Structures are given as C-alpha cells and as structure tokens.
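The form predicted on its own is given below as one chain in structure tokens.
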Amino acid sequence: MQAESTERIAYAAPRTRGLMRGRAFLVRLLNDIRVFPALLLIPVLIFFILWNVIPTLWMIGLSFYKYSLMSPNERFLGLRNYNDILNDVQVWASLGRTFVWVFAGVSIQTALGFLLGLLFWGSRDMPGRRIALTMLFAPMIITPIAAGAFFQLIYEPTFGVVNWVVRQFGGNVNLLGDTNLAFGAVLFVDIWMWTPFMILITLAALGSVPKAELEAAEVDRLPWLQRFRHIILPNAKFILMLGILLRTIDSFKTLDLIYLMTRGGPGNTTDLIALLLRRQAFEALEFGWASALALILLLTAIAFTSIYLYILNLSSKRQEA
C-alpha cells in the first residue's frame, strides 16, 4: 500500500507542477497591461468581422456581377453596375430628395432641440420640469413603424383629426395623397420623433460646460450673448456636433417611416434613396445593382462623417490658437 501511495504521489507531482505553472502563466498574462485589453477585444473583433467585415466584402464583390434571383446565372460586369447607377435619372432624383430630407429634417430638429434644451437647462427649478421632459422624450421611444401607423390615422382623409379640423373651416385635405403636401407631412413626423433626441444631446452638451466659468461670467456680469458665445458654445459644440452627425447618418438611411406611410408616393415625391435600394434588392431582386448602390451610399455616409470631423477638428484648432 505504501508503495502504491508513493507511486501515485510521484505520478501526480508533475501534473500538479504543470497546473501551477499554467495558472501562474495565466495570472501573469491577465496582469500584463498590454495583453489583457487585447483579450477583452477578441469577442468584439469576432462579432465585428462576422457581422460587418465579411458582409461588406461580399457586397463589394457582388457589386461587380449581374446577380439576380430571376436569372440565377452570374455574369461578371466589371464597373457596369456603377455606370448604370451614375447614369440613372431616377437614382439622382431620389438622391436629391434624400439630401433635401436630411438637410431640412436635421436643421429643424437641431434648431428646435437646441432652443428647447436651452430653455430646460436654464429653468432647473421650474415646477413640473421632469414631467415635461418625460413627455418630450416620449416620441423618441416610439418605433418608426408605430409612429407611422399613428400618423397615418391622423392624416387619414375620411376620419383623420387633421382633415376634421380643416373641414370645420370649409376645406378638405389629403396630406399623404397630395404631391405638394406628402413630403412635408412625412417630414413632420420625422421631426416630431427625433427633436427630443437633439434636446437630450443639447442637455448633455450644456451639462458639460464648467460651472466655474459660468459663475465667473456671472460675477463679472458678462452679457448673456457673450456668455453664450465665449463660454457655452465652445464647451458644448463637440457633443452638439456629435448629435448632428448621428442624426445626419440616421436620416440619410430613412426607410421604415417612408415605406409604411407612402411607399414613396404619391408618384415619386417621397421616394428616398433607401426606398429605391430596397425596391431594387427585394422586389426586382437585382442584388448586383443594389450592392453597387449600397456601396455608393456607404461611401457617401463616410464622406459625411469625414466632413463633420474635419470641421470639428478645424474649429478646435482655431480655438486653441
């Protein structure tokens, strides 16, 4: 028995030493300031590669082919899909409407959001402030599909609230069926939904302004306009620009709201570029052409981001100088 126990201890000793060495190596690895962050990034990198890099590379490769579910034979076209898109009048018309949509929507949302955010920031002791903010943020929580269905009922020409009010004054209106009114009617819904987001961004930006500088300006009796120009805006502009950038990118790819409310009509008055892309990909089943258009839109969004960041960096350098 004693011999067997000695043999077991002798056999287990190398395994124990190996486990201890492995544990010590793992502890040193986790304590290494260079290795541990890399280990934390590995799951994120795997997710990013699977869901972003590989589909993007597949889309780029597909954009050079004639690939359609209607005709399963693939055919290499080179740059012909891109040439067809650049010479397509419908693409340019949709892109023009999209730029108008983005510029008008983001501008109005930023202006209203900043003014309302400034109002709430300056009235912290106002009674019912939290309730008012909660009600203002409610549209941002609603999904675009729900908001679109909600406003479809409001705009409905037979029993809708808007047309009922107009009929009291002897008129009649079909907001979603009129080519002159449909674009503005849908844009109003987008503004109603996302102005609270800019209010939230404005409150976050104004909250980053150092209180010491505001108190010093108040002691020096600096006029409010100069206080805003020299203290508030320089400290808040980075977060404001970030909010504008996020809204610009999100507005550029608007699809669900338009698709539910108008399907791009009446005519083509609300046919934005994202809706055209969806129609070519999932109705016409022209995946090669749609992939080329998607890549062009991706590069356009990257250009938007680069311009915003360049302007922000340029203003920061001027301020430091």
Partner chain sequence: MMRVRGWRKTVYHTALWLVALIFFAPIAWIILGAFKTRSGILATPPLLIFTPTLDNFIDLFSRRNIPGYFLNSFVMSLSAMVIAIVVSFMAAYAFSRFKPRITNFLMFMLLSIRMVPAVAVVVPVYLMYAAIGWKNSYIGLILFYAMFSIPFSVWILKGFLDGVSQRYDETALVNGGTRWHVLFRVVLPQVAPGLVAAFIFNLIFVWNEFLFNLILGGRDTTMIPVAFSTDLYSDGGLNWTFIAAMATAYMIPPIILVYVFQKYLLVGMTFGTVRGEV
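Numbering follows the first chain given and starts at 1. Remember, it's a predicted structure, so these values are computed and weren't measured experimentally. We call the rigid core the largest set of C-alpha positions that still match within 1.5 Å between the two forms.
As for the form predicted together with its partner chain, it is not shown, yet the points below apply to it.
#### Entry: The unique member of 145, 166, 111, 233 whose heavy atoms fall within 4.5 Å of its partner chain in the predicted bound form
Contact with its partner chain in the predicted bound form is made by 145 alone.
### Query
Of the options 76, 150, 99, 228, which one has a non-hydrogen atom that comes within 4.5 Å of its partner chain in the predicted bound form?
Going through each option in turn, the one that passes is 150.
### Task
With heavy atoms only and a cut-off of 4.5 Å, decide whether residue 103 touches its partner chain in the predicted bound form.
No, residue 103 sits far enough from its partner chain in the predicted bound form that none of its heavy atoms falls within 4.5 Å.
### Query
Does its partner chain come within 4.5 Å of any heavy atom of residue 184 in the predicted bound form?
No, no contact at 4.5 Å.
### Query
How about residue 123: is it within 4.5 Å of its partner chain in the predicted bound form, going by heavy atoms?
Flag for residue 123 set to yes.
### Task
State yes or no: in the predicted bound form, is some non-hydrogen atom of residue 197 no more than 4.5 angstroms from a non-hydrogen atom of its partner chain?
Close contact exists here: in the predicted bound form, residue 197 approaches its partner chain to within 4.5 Å, heavy atoms only.
#### Entry: Partner contacts in the predicted bound form for 80-94 (non-hydrogen atom within 4.5 angstroms of its partner chain)
Read in sequence order, no residue approaches its partner chain (within 4.5 Å, in the predicted bound form).
### Task
Superpose on the rigid core, then tell me if the C-alpha of residue 47 is displaced by 2 angstroms or more between the shown form and the other one.
Moves: yes, 2 Å or greater.
### Message
Using a rigid core superposition, assess whether residue 122 undergoes a CA shift of 2 Å or more between the shown form and the other one.
### Response
Residue 122: C-alpha displaced by 2 Å or more between the shown form and the other one.
### Query
Once you compare with this form, do the C-alpha atoms of residue 203 and residue 311 lie closer or farther in the predicted bound form, given a change of 3 Å or more?
Pair moves closer in the predicted bound form.
#### Entry: Outcome for the Cα pair residue 311, residue 205 in the predicted bound form, compared with this form (closer or farther; change of 3 Å or more)
Distance between the C-alphas of residue 205 and residue 311: shorter in the predicted bound form, by 3 Å or more.
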